[in-house]
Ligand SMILES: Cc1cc2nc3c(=O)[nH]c(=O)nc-3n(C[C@H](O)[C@H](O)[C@H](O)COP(=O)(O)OP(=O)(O)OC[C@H]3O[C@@H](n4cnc5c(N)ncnc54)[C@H](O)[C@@H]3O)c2cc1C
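What follows is one chain in structure tokens, specifically the form predicted alone.
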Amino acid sequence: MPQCELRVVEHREPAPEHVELLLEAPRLAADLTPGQFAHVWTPGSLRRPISFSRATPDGRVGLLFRVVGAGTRWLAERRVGDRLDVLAPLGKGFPTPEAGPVLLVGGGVGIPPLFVAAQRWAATHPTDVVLGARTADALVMADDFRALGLDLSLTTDDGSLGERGRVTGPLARWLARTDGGQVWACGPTPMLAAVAQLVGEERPCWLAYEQRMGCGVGACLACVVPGVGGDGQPEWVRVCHDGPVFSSRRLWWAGAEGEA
């Protein structure tokens, strides 16, 4: 479990109340798997789990987060030259995709880890992208995906950008017109439940779960969620250690109300 101090080399504000810090980390940029995360120290609280938002050829990694409390406010105040105490990379990321088309489905702050996946594999796999958020101000990284030459379907709950509605609309249309393929998604839990339900059992579906964490390495059990064991019975899984990326068949959705 590598612990290191990483220097901030760029501070970006891609949307209101959203900050992306680019850190100098050549080895991490080369080695991380899309979907893995960093556990970042902030004063007076537990570390903050933040997914990587990019890994660049010149050895930078990005951490993009929404400012919601004291810890993320402190992180948002970091500037070029500051150093962050980071445990990374942690968790299990997305597997190398099978042959065939891939659909990336991101909601809100679940969008960033999918961009790392697009950086890594879009050149070798036909890739479509669906991004959604409550409002246009909360929909991040669309231009980054476009810079990779990818076509996007955008949705917002209020219709302020793209299609009014949720990501399940474009997802259903992609499933209807695409033979085979696989779906990778990251976003709020109700969105993941809705995606898993729509995709069903016929195609691979990988979901990056968002969850509060304590230790980040599977010891404290603060991040457990309902899963499915090898015998098909419910069991608890640790998001930080067993995930955060899971096959949709590994998660237990009983009682979940789909929303996307």
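Keep in mind that this is a model prediction, so the values were computed, not measured. Throughout, we count residues from 1 along the sequence that is shown.
Beyond what is shown, the protein has a form predicted together with the ligand; the following relates to that form.
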Using a 4.5 Å heavy atom cut-off, indicate which stretch of 42-50, 194-202, 25-33, 226-234 touches the ligand in the predicted complex.
42-50
Taking the ligand as it sits in the predicted complex, is Arg66 near enough to touch it, meaning that at least one heavy atom pair lies within 4.5 angstroms?
yes
With the cut-off set at 4.5 Å between non-hydrogen atoms, does Val183 touch the ligand in the predicted complex?
no
Non-hydrogen atom contact Gly71 with the ligand in the predicted complex at 4.5 angstroms:
yes
With the partner left out here, check for me: in the predicted complex, does some heavy atom of Trp206 sit within 4.5 Å of the ligand?
no
Assert contact residue (the ligand, in the predicted complex, non-hydrogen atom within 4.5 Å, options Leu171, Val129, Val109, Val116) equals Val109
Restricting to 188-220, the residues within 4.5 Å of the ligand in the predicted complex through any heavy atom are Tyr209, Glu210, Gln211, Arg212, Met213
